[in-house]
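One chain comes next, on its own, written as structure tokens: the form predicted alone.
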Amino acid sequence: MRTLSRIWAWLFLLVLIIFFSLTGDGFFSLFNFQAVAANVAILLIMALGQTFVIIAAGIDLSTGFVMGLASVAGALAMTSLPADTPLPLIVLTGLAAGLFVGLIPGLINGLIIAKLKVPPFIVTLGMFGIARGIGFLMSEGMPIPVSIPGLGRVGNGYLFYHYPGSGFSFLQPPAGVTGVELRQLTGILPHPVTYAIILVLAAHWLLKRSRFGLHTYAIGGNQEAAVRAGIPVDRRVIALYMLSAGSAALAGVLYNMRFTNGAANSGEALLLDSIAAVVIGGASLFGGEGTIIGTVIGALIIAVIQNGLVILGINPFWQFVAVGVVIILAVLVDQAKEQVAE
């Protein structure tokens, strides 16, 4: 039973892929798989920070609008630069602005939770409203267009391109391929997927190979024991909520590059999905258990369900029902695992 509880999400993802491949026209294709991966990248990046918080027996309900706030700040910063500013500097400016603004809510969340001992649910729910209001005030309630040449390519391009007869090219299509020839061009590894892979590897190392990750598990397992063991719990809790806000801010800047605009509500729909990805991936809401790889699998399950239902032509509102059922299933598996352990 314990072995099944560890691998059920992998098996469920495999069953979903087989089912939609047999029933959905065009599901089992390189183009569709890359589209699914690119679409899940923003969700996954947000869920990485949430993973650390949930393992530490916390919750961060503010990430959706922290992402939106960072998206607005990044858009405003990029559009304020002179028109002749080099694209790399524009991207770095947007990234710096988004991260700076996004980390502030995380710092406030962490300080209140660690120093004043207010429950994370209450604190982050309050920050949910604060970040939401400030984001809409900064953007005046409207999306902020970022009409910068080349920015969309940074968010929507591919790492490699292949054209029959010309082989592979790096970062941009082979020279001379234009017009109708572009239809034969195949992009390989979308940029959002590349960014997500880098962050997933970094988060996995931080959680599994660093003292910070070890302390995160210890705090989630038993906070009082962690204090007695000499772990600086308050500092770690503050860092955890800053990490969660930082990952949401990175997701907001990636949203800028993918959709060439900034919107205060850009992460609203992703908040619950990011928590769901962590839970489906095997993290316990009681703390002390969870992995980055599990979160990746959970995010992919959500993305495959959403994509597969669209391809089958099923009413998109059924996506919410399907994801909700999977969340309940994940919690039942977690409870069954605990009962077996007892």
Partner chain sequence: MAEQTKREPTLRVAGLTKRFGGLTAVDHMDMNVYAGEVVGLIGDNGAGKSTLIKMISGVYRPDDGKIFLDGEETTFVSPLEARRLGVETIYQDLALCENLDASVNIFLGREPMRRSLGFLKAVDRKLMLTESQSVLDRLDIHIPNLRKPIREMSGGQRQAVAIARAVYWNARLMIMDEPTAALGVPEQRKVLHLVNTLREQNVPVLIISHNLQDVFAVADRVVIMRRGNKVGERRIEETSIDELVTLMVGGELVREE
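Positions refer to the first chain, counted from 1. Computed from a prediction, not measured in an experiment: that's the story for all the values here.
Keep in mind the form predicted together with its partner chain is missing from the figure; the text below concerns it.
- Contact annotation for residue 168: none of its heavy atoms lies within 4.5 Å of its partner chain in the predicted bound form.
- When its partner chain is considered in the predicted bound form, residue 99 lies well away from it, no heavy atom lying within 4.5 Å.
- When contacts are judged by a 4.5 Å heavy atom cut-off, residue 222 counts as touching its partner chain in the predicted bound form.
- At a distance threshold of 4.5 angstroms between non-hydrogen atoms, residue 210 is in contact with its partner chain in the predicted bound form.
- Checking 187-195, 108-116, 268-276, 201-209 against its partner chain in the predicted bound form, the stretch whose residues place heavy atoms within 4.5 Å of it is 201-209.
- Contact with its partner chain in the predicted bound form, judged by any heavy atom within 4.5 Å, is made by just one of 229, 89, 125, 81: 229.
- Contact with its partner chain in the predicted bound form, judged by any heavy atom within 4.5 Å, is made by just one of 217, 259, 136, 163: 217.
- In the predicted bound form, the residues of 277-303 lying within 4.5 Å of its partner chain by at least one heavy atom are, in order, 288, 289.
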